[in-house]
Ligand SMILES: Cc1cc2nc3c(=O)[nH]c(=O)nc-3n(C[C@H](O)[C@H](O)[C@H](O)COP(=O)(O)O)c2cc1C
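Here we start with a single chain on its own, the form predicted on its own, put down as structure tokens.
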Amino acid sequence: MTRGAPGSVEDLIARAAARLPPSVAAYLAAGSGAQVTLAEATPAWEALRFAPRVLRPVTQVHLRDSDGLLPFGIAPVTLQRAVHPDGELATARGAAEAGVPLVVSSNTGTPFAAIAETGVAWSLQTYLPPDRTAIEPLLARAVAAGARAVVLTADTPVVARKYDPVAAGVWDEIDPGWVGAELDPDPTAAPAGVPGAEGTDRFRAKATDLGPHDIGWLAGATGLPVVVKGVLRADDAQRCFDAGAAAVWVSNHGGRQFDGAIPTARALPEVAAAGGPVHVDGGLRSARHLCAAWALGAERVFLARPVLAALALGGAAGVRDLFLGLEAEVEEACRLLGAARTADLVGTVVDEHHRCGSPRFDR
């Protein structure tokens, strides 16, 4: 798709923004600070170039794994019921129909059990509170509902300030029942009306003392694989793997945490060089961007804002069609790049001097 053209993901996002209430649209689109990191996300993927391979059989392109899941899915995001009346339930139905994994925000507006009933392959995203035991009931409910993994968001010791006044009003305008369906009351959370708190009165307080030991604690508390989200450095990735993480997730929180953090497209190659399974999100808007992520070492790729746009415009069917459309486009791109599977894409992205097989990219 041509960027911004009718039918493109960017066009989808623009049309959804025009339909949503202004405060909801502004909140979902906003980044922190001066929005430098947000602005750089998609251009960083767009700037990458490929050296396609030839004389490679591509009659069959194998994207789905043994469970029938595509190697791209849905990142955790809140306020889905402000986007569509069925919220996470519609997202889960669309994901199940398309065969993509879903990561559910701990601030979901829909109970875990209802999400699980759709048959979707889902994992739980969570923050850890200062008192780790306070989150044990939520974790137990997720395990009981069939969560496949726990995704620990590690880049949010505090919530970065957002300066868009329209976006800031969203927490005063939405129905409180649209979020926090699984959150237990937290008497230590920030009071309502704190500037920049981004609705933290509805969220459990976040720990400022996270460490590698928390990976083992989460694994022991749930019996599930633990993925660490918010990793932008190779040394941090190595610390996570050494502590038992099943995977790390390259993310700058959609440009919503430290403003000035590097684009995930730039962070991914170095993190992938740490040697363990890597996921990535952040500004991906096309099949070409997805192929670049796999070429740079990602195992799975996740989308957020495009999914919300599809949800706003078409509910469950919109989410399903977004991913099935991307699947068809990825298959075409893989054939043109000489790749029968995503692993064959490694080494097709060239370095900044347009040299093939550079040590930085070709592992």
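If you're wondering where the values come from, they're calculated on a predicted model, not measured in any experiment. Sequential numbering from 1, following the sequence displayed.
Same protein, other form: the form predicted in complex with this ligand, not shown, and the subject of what follows.
Each of S251, G254 and P306 is positioned with at least one heavy atom within 4.5 Å of this ligand in the predicted complex. When contacts are judged by a 4.5 Å heavy atom cut-off, A75 counts as touching this ligand in the predicted complex. Heavy atoms of S105 reach within 4.5 Å of this ligand in the predicted complex, making it an interface residue.
At a distance threshold of 4.5 angstroms between non-hydrogen atoms, G282 is in contact with this ligand in the predicted complex. With a 4.5 Å cutoff on heavy atoms, T153 counts as touching this ligand in the predicted complex. The single contact residue among V330, L322, L28, A295, judged by any heavy atom lying within 4.5 Å of this ligand in the predicted complex, is L28. The partner is not drawn, yet in the predicted complex one stretch among 77 to 85, 231 to 239, 93 to 101, 174 to 182 has residues with heavy atoms inside 4.5 Å of this ligand: 77 to 85. Along 101 to 129, a non-hydrogen atom within 4.5 Å of this ligand in the predicted complex is carried by S105, Q125, Y127, in order along the sequence.
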